[in-house]
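Below you'll find only one chain, the form predicted on its own, shown as structure tokens.
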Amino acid sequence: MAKAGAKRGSYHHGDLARALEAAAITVLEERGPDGLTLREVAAAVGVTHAAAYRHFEDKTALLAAVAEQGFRALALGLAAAVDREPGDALARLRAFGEAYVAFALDHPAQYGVMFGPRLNESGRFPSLEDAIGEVVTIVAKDIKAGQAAGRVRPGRTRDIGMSIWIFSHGYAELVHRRRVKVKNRAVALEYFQTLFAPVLRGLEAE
């Protein structure tokens, strides 16, 4: 992957788009979405803004690519965290929630784009919806397996999955906005597990 600041003309086919996404994340971390422009991102990478427009027709397209990359990275992290747990369904759902919060804490700028104003309102970016679906698939798979094993209570898989997602996302948002004040990442994750425990007990089959 080409790094921001690489010299013009040094990219292999396909590398420039990835480099522009990485540079966009850096700008987002420094100034947020309102401070991001394609011209500035192109300059950070070392290419003309015309070259950037060949990959992203406008700022929304670049933000959609950043969001898509974020959802795919989130899905990979969730899958890895769940797979590290033993077969018990509730333990795997706990790992899902913790990994979700960890991603939000570790990538605040990208996470903000992922869950900011909807970027695919017009349907321009179907691959972004596919990436979001990967996250849903991971939690749904373990809920179904837990129900089959008699560990997770009966109910619509989508509804149970949404309850886990909403709780995890809500906690991450409250931490970001300092409504839940924690000293550091480790404390934030530990406190999440404390708050999440009653939710898991509520999901346990009777």
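Sequential numbering from 1, following the sequence displayed. Source: prediction; values computed, not measured.
Unshown form predicted together with a further copy of the same chain; subsequent notes refer to it.
Which of these residues, Lys141, His49, His176, Lys59, gets a heavy atom within 4.5 Å of a further copy of the same chain in the model of the complex?
-> Of Lys141, His49, His176, Lys59, the residue with a heavy atom within 4.5 Å of a further copy of the same chain in the model of the complex is His176.
Scan Glu129, Asp83, Asp88, Asp106 and let me know which has any heavy atom within 4.5 Å of a further copy of the same chain in the model of the complex.
-> Answer to the contact question: Glu129.
Choose one stretch from 166 to 174, 51 to 59, 143 to 151, 36 to 44: the one whose residues place a heavy atom within 4.5 angstroms of a further copy of the same chain in the model of the complex.
-> This holds for exactly one stretch, 166 to 174.
a further copy of the same chain contact in the model of the complex: Val187, any heavy atom under 4.5 Å | Val187: no, not in contact with a further copy of the same chain in the model of the complex.
With the cut-off set at 4.5 Å between non-hydrogen atoms, does Val180 touch a further copy of the same chain in the model of the complex?
-> Val180 belongs to the contact set for a further copy of the same chain.
Note that a further copy of the same chain is not shown here; using its position in the model of the complex, name the residues of 173 to 206 with a heavy atom within 4.5 Å of it, in sequence order.
-> In sequence order, Glu173, Leu174, His176, Arg177, Arg178, Arg179, Val180, Lys181, Tyr191, Thr194, Leu195, Pro198, Val199, Arg201, Gly202, Leu203, Glu204, Glu206 come within 4.5 Å of the partner.
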